[in-house]
Ligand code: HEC
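In the block that follows, a single chain appears as structure tokens, in the form predicted alone.
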């Protein structure tokens, strides 16, 4: 919204105006100097209220325990319209209609109408608020305090370090000598050894070395591959980014600027970089590039931008039309028509971060039953093992042929005989030959035309490969392996809002939402109308797919750098 803030000052000759135009999603009103509407009076809180534009118009809302008066009534929040008056401390804020033709949504007139009372001036006049008024001189007080600080916080801690037993004796005092240099409690992660200062501070009057950190974190991962030479990464100390003695504050840097300082222009640090420049998630971030399967047999994976529709194809060797399984009419199975939902197959893992892999026996077998002959409805083929499935079929028909009493007119007499009637050797060969033919016919149906081929790519026997072959399947479980996405935190949103599965006709579709879908809720670090989302919300610095941060750890520890 575009707002004109008009500061009014009444003078003898009239009213003076000082206008400033701002374009913000939210205006902060308060005594803080970075407030968009700055009210420099002690009776106003640092951030007293906020003014924003919503679908119903403009709204003002008090922050914390602050109070505002809207048209004379005390309120915590209120809608605003032209002519309304809002009292904040000694100030009146009046909502004024913008002049015709101006590209301004609203004008806010700000006037100090209740100045400080004269008794405050009188109180200051009879109070002593400076050193000179006490009879002391600044110079003498400064020297005295400097000597006290030097003795207490420099001389005594140094003496305690060099004189054995002095520090231990000082612990009987209210404050031990060496505690005066303690900048604060250790972080929660390091409290278990917080009493052993030498674990990190290995040498007096020397900054904490990287070798002290790597003694425990030797396997911490690199941020960029070792062949990508970035001086800023190799020269920085661990403690430059991870500040200790901050008590409950996290020692991991999450500020967006920490990442954007380099990533907003990576060519400056590495001229050969092929990584897209990123500055802010909402305004300067490339389209997502999911990792998709391009060839299962050769384990070829490729990152493809969601905007590259021609190459955005996942070759998983699986046939699966989402639209048929999510049809509003339901799907027909052995137990009747069933209305499937996404959650019937896609189950969250224990931590709610990702989804568990799809399993044939758990998610598919109820409808896709692997039976192959109505004479044995309980007999099912093993899934995922073609050789075993072929063996089951061959054994089944060989058993039928040798047992006899097969009611098929095309079958030889040796197969149609009564059960229990013995076979001569020639009849046994004839029966097994019929069984082999029957098994081949059934495999043509099961593997070649119906059962397996409905979901898989099947290759029939050939001169190069005399056996049936089902191409291996690989479905990517995480499209963005270098990013963090927690499904559990998005459970309030319907799956189909992000994944357009009801319209997907084939498994080669990559049903990942575009960056604009995420931007409906997520903004950059400084976004006020969306969830502020700095880089560290979705990305980590130390990447688990890379080697250790300091491959020359032994050399580092030896040199002390």
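The term rigid core refers to the most C-alpha atoms you can superpose between the two forms while keeping them within 1.5 Å. Numbering follows the first chain given and starts at 1. What you see is a predicted model; the values in this text were computed from it and never measured.
What follows is about the form predicted in complex with the named molecule, which we do not show.
For the candidate spot formed by 346, 456 and 512, every residue has a non-hydrogen atom within 4.5 angstroms of the named molecule in the predicted complex. Look at 416-424, 92-100, 144-152, 177-185: in the predicted complex, residues with non-hydrogen atoms within 4.5 angstroms of the named molecule sit in 177-185. Interface residue among 432, 400, 109, 364, judged by heavy atoms within 4.5 Å of the named molecule in the predicted complex: 364. For the residues 376, 113, 252, 158, the 4.5 Å heavy atom test against the named molecule in the predicted complex is passed only by 252.
The named molecule is not drawn, but in the predicted complex it has a heavy atom within 4.5 Å of residue 274. In the predicted complex, the named molecule sits beyond 4.5 Å of every heavy atom of residue 392. Among residues of the shown chain, residue 452 is one whose heavy atoms approach the named molecule to within 4.5 Å in the predicted complex. Using a 4.5 Å cutoff between non-hydrogen atoms, residue 196 counts as a contact of the named molecule in the predicted complex. Residues of 450-482 placing a heavy atom within 4.5 Å of the named molecule in the predicted complex, in sequence order: 451, 452, 454, 455, 456, 470, 472, 473, 475, 476, 477, 478, 479, 480, 481, 482. After superposing the rigid core, the C-alpha of residue 485 moves by less than 2 Å between the shown form and the other one. Residue 157: CA moves 2 Å or more between the shown form and the other one after rigid-core fitting. Superposition of the core reveals a Cα shift of less than 2 Å for residue 300 between the shown form and the other one.
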